[in-house]
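Listed next as C-alpha cells: two forms of one protein chain, kept apart as structure 1 and structure 2.
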Structure 1
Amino acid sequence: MDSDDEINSVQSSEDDFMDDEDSLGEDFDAVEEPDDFGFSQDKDIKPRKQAYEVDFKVWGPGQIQDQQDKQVEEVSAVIGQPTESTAILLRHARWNKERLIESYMDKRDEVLESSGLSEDKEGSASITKADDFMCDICCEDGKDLDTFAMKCGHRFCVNCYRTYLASKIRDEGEAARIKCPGEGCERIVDSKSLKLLVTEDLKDRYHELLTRTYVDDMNNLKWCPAPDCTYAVECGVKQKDLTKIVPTVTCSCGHHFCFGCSLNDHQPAPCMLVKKWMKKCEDDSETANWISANTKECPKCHSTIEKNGGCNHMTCRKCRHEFCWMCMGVWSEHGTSWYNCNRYEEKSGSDARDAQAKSRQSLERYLHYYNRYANHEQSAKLDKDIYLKTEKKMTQLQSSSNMSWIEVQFLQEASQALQQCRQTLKWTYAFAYYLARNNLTEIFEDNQKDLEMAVENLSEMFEKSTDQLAGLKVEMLDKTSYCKRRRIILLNDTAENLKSGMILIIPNS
C-alpha cells in the first residue's frame, strides 16, 4: 500500500499545469474559467484554493519548539508560575491553554496537586550530600554520596536518579510525564531537575520526545508519517468533518498524506470509507474471487457449494435440497433425463437462477471495483519502475537528440502526473463502491472515465522508445497537463458534492 509513496510524494508544483492553458481543449472552459482568470493575471500569486484542497501549514522542529515556548510564556504570565512549572501544567492539561487557565483560577491547589506540583516540603531541587543517608534504590550509603530530591523530598543518590531517568527516556520513550522515582509519588520531574540530571547524550532524545508529546497532544497538529521526516503539519479540519472533507496535505518533505488518518493521499474517498474498504479488501478480496469463480449457491439455503466431481444431481449437505448443477432447477422436475439437462425453460430453474444471480450480484459488484482498484495500484507500481528509469531515459534523450536538461524535464513531469492520477483513480474505485446510484454518481463516473482514459493514453506514450520520445514532446506535454486537469476537475467536483452532502453513501455497505 505504501510502496508508491516516494514517487507520489515528489512535489509537483501546483502552477505547472497553468502554463499550458492553450493546449487544453474547449471542453472544460466553463469549469475552469474563474481559475484561468486568476492565474493568467499574475503567476506569482498563490494559486486560488481548489475545492478539494484544505488550508494547512508545515512546521519545522525549531518552529514547534518556538511555538511551545511562546505558549508557555504566555500562560506563565497569566498564572504567575515560573516557566518550568507552567510547562508541566500545560503538558498535564494537554496544551489546552484556556481550560488550564480557567481551572487554575478556580481551584489552584487541586490543579497543582494533580499535575504533581504540590508543595509538600521546602527545599529547592539541587544536588547535595546528605548525612545519614541510604539510597532506597541501590542501598549505597556514605557521606560523600551525591544525592538529589525534588520538592517532594524523595531523596535518592544521583547515580540512581540518572539511571532511572535514562531508562524512562531511552527505553520507555517518556519525557513530559516522568514521575518521581519515589513509591507512589505523583510528582512530575520538571525540566529544571532534568537539566541538572540528564546526561548530554540523552538531552537530544529528551527534547525530541517533549516535542513529540506536544504535537501528539495538539488536535490541529500531526506528524508527517514519512520515514525520518521531522516536520509537523497544522490543519484546522476537525475530526467530525472528515465525512465531508478529505484533507490531503503536503509536507515540506514532499509527502502527500491525509491529515485525518495519516494514510497516504486517498482523495476523493473520505477516511471512513477508506478504512472500511481496506478492511474489506483485507478480509475478502481473494476469497471472494475464488468463491465467485468456483462455487455456486444452493438455491434453497444459499450455502456455498463447490462441485468437485460426480454428476449434476446435487444434494445439499446442509438442507438436503436436490437440484441440478447445470440449470439450478429442482431435481425432481428433471425426471430421467438428468444426464442431458434440457430443462432450461423450466420455471423453477429460472427462478432459482434469478435468486442466485441476485446474491452473486453484490459479490460481482465488489469484485468489479476491487479489480479496478487493484489494477491501478499495480499500474502505479509499474509506472514507478518506469519513473526510476526516467532519469536514465532523460540522459539518453539528451545525448541522442541534442535536447538540454531543461528540455527533457517533461518526462519527469509526465511521470509524476501519472503517479498522482493513478493514486486518485485507485481511490475513485474504492469510493464508487460505496456510492448510491443517482445523477451525481453518473457524473462522477464520467469524470472517472475521462481521467482514466487520459491516464492510459499518457501511460502508453511513456513506454515508447527513447528515439520516439523526442518527437512526442509536445504531445506528451499536452497529455500531462490534460491528465492533471482532469484530476483536478474530478476532485473538485467530488469535494463540492461531498461537502454539500449531495453524494449518497450506501448505508451499511
Structure 2
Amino acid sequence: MDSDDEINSVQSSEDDFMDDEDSLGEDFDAVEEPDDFGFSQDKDIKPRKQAYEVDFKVWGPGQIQDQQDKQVEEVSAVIGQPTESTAILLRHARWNKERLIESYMDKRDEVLESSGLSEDKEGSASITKADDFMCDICCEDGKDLDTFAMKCGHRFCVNCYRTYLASKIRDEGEAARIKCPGEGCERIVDSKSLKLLVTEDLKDRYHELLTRTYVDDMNNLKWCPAPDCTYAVECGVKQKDLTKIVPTVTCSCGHHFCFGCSLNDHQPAPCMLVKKWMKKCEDDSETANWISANTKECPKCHSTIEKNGGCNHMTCRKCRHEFCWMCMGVWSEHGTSWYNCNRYEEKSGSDARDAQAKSRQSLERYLHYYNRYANHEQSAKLDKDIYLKTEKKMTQLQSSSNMSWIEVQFLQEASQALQQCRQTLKWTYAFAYYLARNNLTEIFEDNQKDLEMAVENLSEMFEKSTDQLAGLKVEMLDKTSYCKRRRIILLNDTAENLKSGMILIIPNS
C-alpha cells in the first residue's frame, strides 16, 4: 500500500505519462529509485502492466473474417475436404478444431451426416416439381408445384421454405444452425440449401450472422456491447477466474466494459458481487427507507409489521403472536396497563429488541452503502452533462483568455478523469458492502476516501466560471493527475489482494 508521502515523491516523474492512463499497458508502476548516488548502467525502461489490467486484443470485421479463413484452410488441409464443406463442419463443431479433427478421423460418415454434408447423392439439395403434393405449412397443392426437401425427407413448397429461412435470418438472427422446418427434425439446413433458397436481399445479412456465430462460439472472443460497434475483443481470462479478476477491456470504439459479464466497467467489484448487488438494489432500495421508518419485525416469526392504529397491543397476522409495539415484549406480561409500559428489562422484550436492533442494523448498513453508491451514480450523470458541454466551455475559454486550442485541452482531460473516477467510486461502495472487516478493509476505505476527496475537489473546480478557469489550469492539471494516481493505487491494491485471496467476502450479505 502506497502512502501519500510516497505518492508525492513520484508525482513529478509520473505527470508526463499519466495522461495515457486509459490505454492498456501504457501506465507505469511507481518504482522507488535505489539509494545509489553513483552512476548506473542505462537500462531499457519498459511499461509494466498494472495489477488490475488484463491482456486483450481488439479485432475488426476484416480481421475476424481472416481468422475464420485461416482456420478453415488449416483444417481443410488436414481432413481433405473442400474449404466450403470444412467451414460447415467447423461451424457445426463450434470452431473447436481439435475436437472436429479427432471425431472426423474416427467417425467420418457420422460427422458428415450430422453436419448436413452426407455424400449420398439421393439427398442432394435441389428444387423439384411435385405432382399431387400438399404443403404441410400452407396447405397449398397443385400440379408442377416447386418443392424442396433435404435428405431427411421433410418436403415443403419453396415459398414456405424461403419464408421460414427469411424469418430465421431476419427476425431471429440465426444462420449457421437453422434446423429443418419439419416437426421435431434436428437436421441442420446445410450451406448448399441455404444458398439455393435464400433470396438476394438476405445474403449480406446471412454472411454477417455467420461471422457473429464465429465470435459467439469462441470462449476467448466477445462482441463489444456498445451500440452499432462491429469490433470483437479477445481476452484469455477464464470463467473460473472471475471471482479474483475483473477483466476490464477497452474497445477501439472507446467503450470500456467487463469481458466477464459485458457490463460497463465495474472495477474493483468482481462480476459475482455486481450481480448480487444489482439484484439486491432492485429488490430493496425502493422500500428500504420506508421499512426502516415505519415497520418492526414480529418477535416470534420475524414478519414485517406496520402499525395501523394507536393501540400498542399488536397481534401478528401470520403467527398470531401478541406483543407490545413499544418494548416488543410478550403482551401477557403487561396486564391491563399497556399505556404505562415500563418493563424494559423483562427477558422476552429484551430478546425481541435485540433481534429488532440486529435487523435494523443490517438494514442501516445496506442503506449506508447504497446511498453512497447512488450518490456517485447521480454525480456521474451530472458530470457527464458537464462533459457534453466541455467543448463549448473550451471554446469560450480559448476566446476569453487568448489560449490556444491545445492549451485548453486540460478541461477535456479533467472531465474524462471525473467520469472514470466516479465510475470506480460508485462500485467501491458495492464492493465494500460485501467485505469482511479486517485491516485490509480499513486500508481499502482509506484509499476510497482519498480518491473521493480528490474527485470532489476536482468536480468543484470544474464548476467554476469560465473567467476563473484560466487561472486554475495548473491546479486542475495537478488535481486531475492526482485523481488518476489515487484511482490506480486503489485498483492495484484491491486487485492484488483479490488475486492473493487476502480480501474476504461475506457470503450471505
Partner chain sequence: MALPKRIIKETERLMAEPVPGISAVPHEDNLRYFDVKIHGPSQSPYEGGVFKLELFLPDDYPMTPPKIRFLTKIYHPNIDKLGRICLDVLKSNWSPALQIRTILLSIQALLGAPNPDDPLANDVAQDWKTDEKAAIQTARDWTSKYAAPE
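Heads up, when I say rigid core I mean the largest set of C-alphas that superpose within 1.5 Å between the two forms. All figures in this text were calculated on a predicted structure; none of them were measured in a lab. Residue positions are counted from 1 along structure 1's sequence.
The form predicted on its own appears here as structure 2; structure 1 is the other form of the chain. Relative to the superposed core, T147 shifts its CA atom by 2 Å or more between structure 1 and structure 2. Once both forms are fitted on their rigid core, the CA atom of E186 lies 2 Å or more apart between structure 1 and structure 2. Relative to the superposed rigid core, the position of the CA of E74 differs between structure 1 and structure 2 by less than 2 Å.
On core superposition, D201 has its C-alpha offset by 2.9 angstrom between structure 1 and structure 2. On a core-based overlay, D136 has a Cα shift of 8.9 Å between structure 1 and structure 2.
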